[in-house]
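Given next, in structure tokens, is a single chain: the form predicted on its own.
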């Protein structure tokens, strides 16, 4: 038996989330690697699953937690053996396959990334899917030819998980980063991560013209909706926008104007099903992140507190990243 958060669907369709003692024999039979989870985390998707605000969970009952890091206990997979340190992100874990907001998990070896040298399980979860997605966005912009000499880079949703890590990554790469946030009282925090300037999200969150004054050489957007539309409208000729989130909404009220008149490129960034070589490269680079900046980003909580914090992450009340010590 081990501690886990378990989600059940109630008769009225709402979600019941509670901390329980879970029987290891009930873990998925199709997992070929049994792991001890040392740390997990709460991402936006986990918040949706725990609160039931969106139909993220596809199988019931479900242990949520799309991220985990720890050590292999047993394995029938050829690439993994007992004692190996792993990182898990995505692949439907916490949605269709029982996840990592628990002390144990049974996962597929093909989903696991080896822990980079010098990285701890806690630091891996301080980064988590949010930070891993931020790195995928930075890599996508690099591949589009965006350089530090091209001008300012905008990061939206800056005080959230993706935004916080994106600022740290991009500033370390030499970019002049402008952070957009609804929490202007967090300006000092964002500048400590590497933001050169901070703007109010209200400048981007309302309906705007399809073409506006050119400002950004590139954008990392985790917000969607009008914010993404305005970011596109303000992107300079030949610039690139990496879109990875929908905190404001799934809609995109824009026109073709930025694309056909300014040759702006919109790149969709998915972290859930990203191929393994790309994951490994992202984590190799993430292992080089400044540990001091990770500490600024991170708040550590317990499994029980994860249930309490889920509504806060959806409401934008959480700064940076929540690391869950599943043994606390």
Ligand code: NDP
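These numbers were taken from a predicted model, which means no experiment stands behind them. Positions refer to the first chain, counted from 1.
From this point on, the text means the form predicted in complex with the named molecule, which you will not see here.
At the 4.5 Å threshold, heavy atoms of residue 271 reach the named molecule in the predicted complex. Within 4.5 Å of some heavy atom of the named molecule in the predicted complex lies at least one heavy atom of residue 183. Contact check for residue 194: every heavy atom lies farther than 4.5 Å from the named molecule in the predicted complex. Contact annotation: residue 248 falls within 4.5 Å of the named molecule in the predicted complex, judged by heavy atom distances. A single residue from the set 112, 102, 119, 244 has any heavy atom within 4.5 angstroms of the named molecule in the predicted complex; that residue is 244. For the candidate set 129, 171, 217, 75, a heavy atom within 4.5 Å of the named molecule in the predicted complex is found for exactly one residue, namely 129.
Of the stretches 102 to 110, 139 to 147, 222 to 230, 75 to 83, only 222 to 230 has residues with a heavy atom within 4.5 Å of the named molecule in the predicted complex. Along 17 to 39, not one residue places a heavy atom within 4.5 Å of the named molecule in the predicted complex.
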